[in-house]
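Just the one chain here, the form predicted alone, laid out as structure tokens.
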């Protein structure tokens, strides 16, 4: 008989038919493309269409990132994924005193709609799917994107892509917080509601377990907390008056692809089954598209090591294999040098080639769910499903998501798991190649990308020119409208788009909303 899952998530033991005694094939597994989608959301999976290869990219100015975008597309990438710098993620302008030293360092600097024009210059937004990883000011950034697309003549109904827009996991793990929880979630729902009507192909939230896992959670905690966040967005959108099938099909998910191959595969399978059950049985969705959990995966940044960085290529390849065997819809493979700096063109090309070798040379795409039916994987899928339901019950005991956040439940759980994992590494119970075993005293340094210090001055000067050329009266008028709509409880999106067209900055819009919503600091968590 198998042993149970240990606290660090590892599994050991022998598995056979007895472990599947309580599993009913039609109810719990089924066929790919059919409820409960345990085996995948499409009947043919990758035999019909490969996953989208979407490498995360962004640094310096919008012009520099545009060059990297076009380079990646030339190398065979099939979708764009945008990384923003820390000031943008926190809703600060590049000329804000708090932005000094951070502009363009860890992502691309974006201040106004004009930066979006430059960022996607020469790129056909009706043909290329675009992902944007941002949360607290996500509604503002999406308004910039839509305003820029409209000014370039693109049809919103033809735009495809995803904006992360998942503020709850920031309160659990990542800490890029601006507004308190309730108005933060309100902005998420504003975006869901607006896009359901006007941008129907857009994934309005990428409900993210990735950062929860990066903060130190177990695979089961990543699974449970992510789906719990998604359920809170569903509840709040229903409270807004939208029917479940009008918005649920455009909710997407974002999971980590970590080191334990089979645990990760089981996590993705359990997630699909849980979401399908919840949407159909609990929320009464009747459209099969509402039942399907579609997800993007990114290989585990926290698993990458600065020692022997070339070994990261091997880690990433196995993690990518787990994501593909688990049925992801899009995938980012980390570059080997990301613990040292933003990736070079050489490193990011190797990361993309990792996906291409997996897709075209290994044969794993030729069979739908090739690992389905494994005694071990199916048993582990069932156990992760049941353990996640146990976490849902614990969250309900706090009165729901916001009560659990206020009580510090998520942070305590993640901190304890992170501590236990690090302790196992320090005690050599978990082997990290090149770190606590197989160490090389003399290592060859790899070339790293250097962001020119002049980037900040260039961006600040560009922003100064935009501010001096815009209409001051239009700025004041549209900002006043944003505050008025926010205070009245209406959907902020139309006002945000008009402000974007008036060249109001991200920092000005965040301040305008904060005048109504207030601000949330980390010490309040």
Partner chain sequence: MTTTTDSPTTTPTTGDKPTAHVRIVLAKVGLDGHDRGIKVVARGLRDAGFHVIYGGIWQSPAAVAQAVLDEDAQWLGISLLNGAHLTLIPQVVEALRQRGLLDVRLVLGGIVPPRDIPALTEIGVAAIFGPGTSVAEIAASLQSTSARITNVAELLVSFRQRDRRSLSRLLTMIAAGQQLGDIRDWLHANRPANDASAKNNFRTIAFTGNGGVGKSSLIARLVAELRSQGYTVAVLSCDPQSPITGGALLGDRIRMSDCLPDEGVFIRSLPVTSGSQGIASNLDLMSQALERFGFDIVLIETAGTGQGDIAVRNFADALVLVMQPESGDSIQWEKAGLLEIADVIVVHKSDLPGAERMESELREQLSLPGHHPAALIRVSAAKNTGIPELWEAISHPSFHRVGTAPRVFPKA
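Positions refer to the first chain, counted from 1. The structure presented is a predicted model; accordingly, all values stated were derived computationally and were not measured.
Keep in mind that the form predicted together with the partner chain is not shown, yet the notes after this line are about it.
Asks: For the chain seen here without its partner, which of 101-109, 129-137, 346-354, 71-79 has a heavy atom within 4.5 Å of the partner chain in the predicted complex?
Replies: Checking each option against the 4.5 Å cut-off leaves 101-109.
Asks: Please run the contact check for residue 214 against the partner chain in the predicted complex: heavy atoms, 4.5 angstroms, yes or no?
Replies: The answer is yes: residue 214 has a heavy atom within 4.5 Å of the partner chain.
Asks: Answer for residue 185 alone: is it within 4.5 Å of the partner chain in the predicted complex, judged on heavy atom distances?
Replies: Outside the cut-off, so no.
Asks: Does residue 423 make contact with the partner chain in the predicted complex, using a 4.5 Å heavy atom cut-off?
Replies: Close contact exists here: in the predicted complex, residue 423 approaches the partner chain to within 4.5 Å, heavy atoms only.
Asks: May I ask you to check whether residue 340 falls inside a 4.5 Å heavy atom distance of the partner chain in the predicted complex?
Replies: Looking in the predicted complex, residue contacts with the partner chain include residue 340, since a heavy atom lies within 4.5 Å.
Asks: Since exactly one of 368, 196, 449, 242 fits, which has a heavy atom within 4.5 Å of the partner chain in the predicted complex?
Replies: Comparing distances to the partner chain in the predicted complex, the residue within 4.5 Å is 449.
Asks: Which of 286, 454, 175, 201 has a heavy atom within 4.5 Å of the partner chain in the predicted complex?
Replies: The residue from 286, 454, 175, 201 that makes the contact is 175.
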